[in-house]
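Only one chain is given next, in structure tokens, and it is the form predicted alone.
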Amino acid sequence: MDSFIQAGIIGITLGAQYALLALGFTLIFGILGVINFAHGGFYVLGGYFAYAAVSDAGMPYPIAVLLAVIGTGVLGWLFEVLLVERCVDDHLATMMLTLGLYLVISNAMLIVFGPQSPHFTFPLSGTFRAGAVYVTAANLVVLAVCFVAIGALYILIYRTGLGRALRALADDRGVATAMGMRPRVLFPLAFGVATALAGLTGAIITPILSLSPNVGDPVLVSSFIVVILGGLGSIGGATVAAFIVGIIESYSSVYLGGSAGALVLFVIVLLLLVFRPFGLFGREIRRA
């Protein structure tokens, strides 16, 4: 029973991390119609921004995380304004652009920081224990930050005028533009928010797991699985799917082993997509 509870806690923690990543991914697709293959790159950048701020500049870790969020958000905004905006309706071009940016980011980190994982640890240590169930202080902090960030994004999207404008553009860009919404202003803003979420995740997760130029690969795969399962462009679907994936991954890894657990996850996702091709909460992909 203790291992069952422990696996559940791990699954919820994983789900919160996946949700934070996938929300940014699905936000860009839902509003711009762009599949952002550079999402994993912004995760990597967030980790290295935080690492450099702590190790090289001697900043406190919370300030380093804040700088990572701002840095990745600004870079995402610039990337959309300078490159994506020029071909936002060309799906193939935007896929190639974002894939190219990911390769540029990972290779740049490789050149600057080298292939080895730097010594970057979470500033809090210690473990809370209840019977035979253990939870580390780092995981509790990460879980709290993820829930706060997810809640803030929901408030932004569903409780503010900016969120209503972004949702209007996602529903029907032509009508929203005729009503006075300005895609040239709102698209970069949405892109910046999404990349800032990826940067935040990288800054708080890489000190616990690992940091290297290629850690964005599994992040991109996980984000893609979550948004496909939840339904491309669905914020609620991505959130629910993230926790489903995290819990399945945790329980299958504990009771079936690492590789078998990953296999179970992929089989469940494939079977579900056979019966619901647009995902759990998806809708037919809009035509830009």
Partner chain sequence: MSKLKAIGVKIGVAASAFVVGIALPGNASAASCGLKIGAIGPLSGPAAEWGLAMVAAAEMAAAEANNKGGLQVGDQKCRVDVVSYDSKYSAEGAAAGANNLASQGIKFIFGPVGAPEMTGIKPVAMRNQILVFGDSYAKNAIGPQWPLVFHLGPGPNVWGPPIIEEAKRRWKIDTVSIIAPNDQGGTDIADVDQQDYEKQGVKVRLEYYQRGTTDFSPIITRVLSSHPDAVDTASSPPGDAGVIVKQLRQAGFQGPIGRLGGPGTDEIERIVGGIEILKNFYWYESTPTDDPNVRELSVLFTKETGKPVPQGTSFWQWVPEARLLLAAISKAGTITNPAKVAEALRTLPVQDPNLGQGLWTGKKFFGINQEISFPFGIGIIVDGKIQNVITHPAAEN
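A quick note: this is a predicted structure, and the numbers were derived from the prediction, not measured. Numbering follows the first chain given and starts at 1.
There is another form of this protein, the form predicted in complex with its partner chain, and it is not shown here; the text below is about that form.
None of 91, 159, 184, 119 but one reaches within 4.5 angstroms of its partner chain in the model of the complex through a heavy atom, and that residue is 119. When contacts are judged by a 4.5 Å heavy atom cut-off, residue 262 counts as touching its partner chain in the model of the complex.
With a 4.5 Å cutoff on heavy atoms, residue 208 counts as touching its partner chain in the model of the complex. Contact between residue 14 and its partner chain in the model of the complex is found at the 4.5 Å heavy atom cutoff. Interface membership of residue 272, defined by any non-hydrogen atom within 4.5 Å of its partner chain in the model of the complex, is ruled out. The stretch in contact with its partner chain in the model of the complex, judged by heavy atoms within 4.5 Å, is 120 to 128, chosen from 191 to 199, 120 to 128, 165 to 173, 140 to 148.
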